[in-house]
Every structure is written in C-alpha cells, then in structure tokens.
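As a starting point, one isolated chain is supplied in structure tokens, in the form predicted on its own.
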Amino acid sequence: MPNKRKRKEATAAYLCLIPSIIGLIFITYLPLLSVFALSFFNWGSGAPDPKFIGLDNYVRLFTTDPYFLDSLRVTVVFAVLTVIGSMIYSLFIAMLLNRKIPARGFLRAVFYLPYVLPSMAVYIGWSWLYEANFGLFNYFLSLLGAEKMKFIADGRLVVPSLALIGVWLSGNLIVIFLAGLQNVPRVYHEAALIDGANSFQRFRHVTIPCMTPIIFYNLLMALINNMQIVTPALALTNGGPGNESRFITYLMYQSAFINNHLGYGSSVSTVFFVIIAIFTVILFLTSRNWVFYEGDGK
C-alpha cells in the first residue's frame, strides 16, 4: 500500500512537471542548439541561404576579429567590479535593514525598487547624472573646486561608471541576503555572546558561515547576470568611447542584427556561453572549500 501511494505521488509530480519540461525544451534548449548549429553556417548579408562553412566563424573570431579580445576584457572587468561591489553593498544594506529601525518596511521597498524599474530608463536617468557639463555629479565636483569629469565619455572611467549603476541595481541581492540573515539561528549568536564575542566576531564567525549558501547563490546569479550585460552599451555608449564598453553581448548584437551576419553572431554567442559555463564551473568547484551547510560535518 505505501509503495502504491508513492507511485501515485511520483506520477502526479511528473505530470505537474511536464509543462515546465516542455517550456525548457522549446524555449531554452532547442534555441540553444539552433544557435550552436547556425554558428557553422554563413548566413546573413550577402548569403540569403545558409551555407555550411565549418569552423570558419570560430577561426575568424579568434584570429582576425578586431573587437573580440577587447570585448572579453571589458566584459570581465565590468563583471568583476559589479559583482564585488554589489555583494558588499547588498550585504551591508541587508544588515542595516535587518535591524529594528523606523520605517524599515518602507526602506526595504526603496532599496528594492531600482531592480524592478525598466533597465533602459534607469541607464538613461543615470546619464543625466553623469552629463559632462550640467550633470549632478559634476555639479558637486565644481562645488568642491575639482575638475569636471566625463564619466561615460572617458575610456578610463566608462566601465567603473557603468559598474556603479549595476551595483545600484542590485536590489534583488539585498532581498535574498535579508531573508538569509533572518534565518541565521539566534541560538548561535546568543552562544557567541555568552562566550564574550563582540559584534565583529559574531559577524565573522557566526553570520558569515551561516550565510555562505546565500552568498554563493547571490555570487553565482550576479556573475551570470553581469557577464551578459548589454543595456548600458545600447542605452548610453554604443560600445564607446573606442571599444571600452563594447561588451561581448553588444558585439554579438552588432554582428547578428546590425551587420546581419547571423552565423557569425551565433559563433560569438556560443563562445560566450562556453566562457560563462567555465566561470560557473570554477565557482562551483571552489565553493566546496568555503560554503558550509548545516549538518554537513565541515
């Protein structure tokens, strides 16, 4: 009788999973395979019908493309700056919002709001703050007697300036960190307090170890999302100045939809998918040394 009940529950579970499985197949996996297959063809400008060319698109990408290496460098630098900044910022804000302060619910909504705003509108709004002559930031610099700065028109400043916007948009990480902080067992803090641990020691030896699964999840999501960034280039910079904000996703967009080289754009997309997969695997492998789960014996 118990086995029959288990079989019925398993059957019901599989039936409920069928719509999700169909969605994954047709919305995710089949398009992914199609892009990979298309990367072996020349299709687009000058080639109305797909023509099989083997690995030529990949050879061109790694040997003669003048933008690929710069795009890879810019993308990695942006992702590193944004991920580190957003992790520190979101954890700090979450810890503040976890305290009993006035208007805590309102402040939680305020810090989460940037994440749900349309990205294009957010970047355009920040462009007014960064404006070289009359922007708010340069106004404050002029009050301090400093020279005005071209935040998104200077090759040295454009990526850090865009990364700052990405950090400001990390409201989702704040919410997840806040949920994790509220689930840290109070008994651990009380035991550490009895042993004479101060606030920093409790944060280092109690809060952080208990939060490592949440930190890992946020780190993974932030890395994947920020590696795929394209909105700043579309909204503000068009890949400039020079190639200093030509992210790989923007290079893919230009190749496939501006220059109409769909096969070559697919090869860029495939290589980028592999790069993200490598970073993800490295993160998973290294997480074994610092992610602690309750009851795992570490």
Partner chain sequence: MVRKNRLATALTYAFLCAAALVDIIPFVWMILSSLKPQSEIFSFPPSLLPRQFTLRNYTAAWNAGGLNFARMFMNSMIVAVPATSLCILSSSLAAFAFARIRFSGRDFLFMCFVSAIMMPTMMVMIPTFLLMRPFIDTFVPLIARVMFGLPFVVFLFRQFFMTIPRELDDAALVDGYSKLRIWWSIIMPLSKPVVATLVVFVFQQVYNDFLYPLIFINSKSNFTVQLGLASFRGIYATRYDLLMAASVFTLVPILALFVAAQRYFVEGVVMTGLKG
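We call the rigid core whatever largest set of C-alpha positions still superposes within 1.5 Å between the two forms. Numbering follows the first chain given and starts at 1. Remember, predicted model here, so these are calculated numbers, not experimental data.
Separately, the form predicted together with its partner chain exists; it is not shown, and the next lines address it.
Undergrad: Taking a heavy atom within 4.5 Å as contact, would all three of Pro102, Val175 and Ile276 count as contacting its partner chain in the predicted complex?
TA: Yes: Pro102, Val175 and Ile276 each sit within 4.5 Å of its partner chain in the predicted complex.
Undergrad: If you check Ile194, Val116, Val187, Ile88 against its partner chain in the predicted complex, which one has a heavy atom within 4.5 Å?
TA: Result of the distance check: Val116.
Undergrad: Would Ile214 sit within 4.5 Å of its partner chain in the predicted complex, counting heavy atoms only?
TA: Yes, Ile214 sits close enough to its partner chain in the predicted complex that at least one of its heavy atoms falls within 4.5 Å.
Undergrad: Can you work out whether Thr63 and its partner chain are in contact in the predicted complex, taking contact to mean some heavy atom pair no more than 4.5 Å apart?
TA: Residue-level check for Thr63: no, no contact with its partner chain.
Undergrad: Please tell me whether any heavy atom belonging to Thr286 falls inside 4.5 Å of a heavy atom of its partner chain, as the geometry stands in the predicted complex.
TA: Answer no; every heavy atom of Thr286 is more than 4.5 Å from its partner chain in the predicted complex.
Undergrad: So, Leu144 and its partner chain: in the predicted complex, are they within 4.5 Å at any heavy atom pair?
TA: Judged by the heavy-atom cut-off of 4.5 Å, Leu144 is well away from its partner chain in the predicted complex.
Undergrad: Counting only heavy atoms, which residues in 197-235 are within 4.5 Å of its partner chain in the predicted complex?
TA: Contacts from 197-235: Ile214, Tyr217, Leu220, Met221, Ile224, Gln228, Val230, Thr231, Leu234, Ala235.
Undergrad: Kindly check if the Cα atom of Ile275 is displaced 2 angstroms or more between the shown form and the other one relative to the superposed rigid core.
TA: Not so; Ile275 is displaced by less than 2 Å.
Undergrad: Does Leu285 move appreciably between the shown form and the other one, meaning a CA displacement of 2 Å or more on the superposed rigid core?
TA: It does not, since the Leu285 C-alpha is displaced less than 2 Å between the shown form and the other one after the core fit.
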